[in-house]
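The chain below stands alone and is given in structure tokens; this is the form predicted alone.
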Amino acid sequence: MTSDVEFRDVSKVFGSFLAVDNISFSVPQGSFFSLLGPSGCGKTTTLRMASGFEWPDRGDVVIDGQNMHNVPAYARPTNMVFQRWALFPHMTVTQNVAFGLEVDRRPRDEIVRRVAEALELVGLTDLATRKPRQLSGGQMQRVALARALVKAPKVLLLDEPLGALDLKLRMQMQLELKRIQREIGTTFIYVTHDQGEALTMSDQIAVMNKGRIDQLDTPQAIYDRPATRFVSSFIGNANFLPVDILDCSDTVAKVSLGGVTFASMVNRKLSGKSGVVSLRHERIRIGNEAATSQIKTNATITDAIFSGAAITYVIRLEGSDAILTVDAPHDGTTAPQSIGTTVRVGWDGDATTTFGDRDE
């Protein structure tokens, strides 16, 4: 598959701090690619090296087949959308979107046509004559997006652009961004610390941790089969349970938890005799639902929290000190289980991943 962006053994140091540590990856042409991770993991620095706002201390950044060594930001086939929209308050929506084309001295009829197309794409045609103070946060974000897209960049770089919006508006804009990306086919590289955003929009996600890429894969693969304990803990909600490792191959480990023995997935052969199993909250079945599970045992409910779409239970496994959190769907017909009740719980072996004690 053709790549629009490649990072080849790239590192970046600020003083004594290694911000990006020898990373290599490629971004497929026309894809929605996300850099995901906590603050300080190196994702924004990586994006800024793609844009030309930062320079690698080692390695190469290649965009559209051209090495970007010594190519300044303004000469790169990229454009950037920031969390803060930086719109000109004295200009109308049309004037804001047209600004970059005006600077490039494009012909007037071309500017008019391209601005009209960009505003239609982001659904702002009816607001073309308004000024930023007359717009909502979501509308201003659309103006910033149109202003970046109107110049037809080969790659659009987005640095947490939805961070200033409220939750409901962020969710709406996630769907809009994905629609726009699919419609125009431009490669998007999106930086976020929000796992929900990355899972919702991305074709591929690079999960970053301490300047390195822990895992690069599709959203489903990262969620269902995390490569490291960090990825498992950062993406979604997971229980981490200490287990004894009875046997292990390159792909499967036989483990024991509180007297319950089952087969768990592994990403590599583990040499130790103890480890940690990752089991996502929603993959545990409780009550009658547990009857279809491969692994079944009893547990005592120590807490129950109703949150609308789900009921969250905290349970203690029988014969073990292990405490698990379970997210059970709420269908409106069944009352929550009472605290102190002993219930049947279960899960499937392929819903778990085992890591060694020293694995991060």
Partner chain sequence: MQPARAPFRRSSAPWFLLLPAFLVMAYAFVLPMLVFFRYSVYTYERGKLIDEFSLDTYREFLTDPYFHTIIFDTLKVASITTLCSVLVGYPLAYALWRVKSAAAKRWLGLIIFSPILVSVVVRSYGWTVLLADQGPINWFLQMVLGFPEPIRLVFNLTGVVISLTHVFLPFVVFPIYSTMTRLDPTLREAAMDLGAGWWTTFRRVTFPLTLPGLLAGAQICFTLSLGAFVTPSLLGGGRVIVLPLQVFTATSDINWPLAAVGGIALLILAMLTVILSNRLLRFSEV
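As the structure is a computational prediction, the values presented were derived from the model and not from experiment. Take the two forms, superpose them, and find the largest set of C-alpha atoms that agree within 1.5 Å; that set is the rigid core. Residue numbers count along the first chain shown, from 1.
Another form, the form predicted in complex with its partner chain, is not on view; read the next lines as being about it.
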Exercise. Any chance all of F14, I23 and G42 sit within 4.5 Å of its partner chain in the predicted complex, going by non-hydrogen atoms?
Worked result: no
Exercise. Heavy atom to heavy atom, is R133 within 4.5 Å of its partner chain in the predicted complex?
Worked result: yes
Problem set entry | G138, heavy atom within 4.5 angstroms of its partner chain in the predicted complex | no
For this session: Give a yes or no for V103: in the predicted complex, does one of its heavy atoms lie within 4.5 Å of a heavy atom belonging to its partner chain?
Result: yes
Exercise. Is the gap between F82 and its partner chain in the predicted complex 4.5 Å or less for some heavy atom pair?
Worked result: yes
Problem set entry | in the predicted complex, the residue from H281, K154, K151, R182 that sits within 4.5 Å of its partner chain by heavy atoms | K151
Seminar exercise, completed: With the partner omitted here, the residue among L87, A263, L124, L270 that in the predicted complex has a heavy atom within 4.5 Å of its partner chain is L87
Seminar exercise, completed: With a 4.5 Å heavy atom cut-off to its partner chain in the predicted complex, the contacting stretch among 94 to 102, 216 to 224, 240 to 248, 254 to 262 is 94 to 102
Seminar exercise, completed: Of the residues spanning 44 to 75, the ones with some heavy atom within 4.5 Å of its partner chain in the predicted complex are R48, S51, F53, A73, Y74
Problem set entry | Threshold 2 Å Cα movement between this form and the one not shown for L87, core superposed | yes
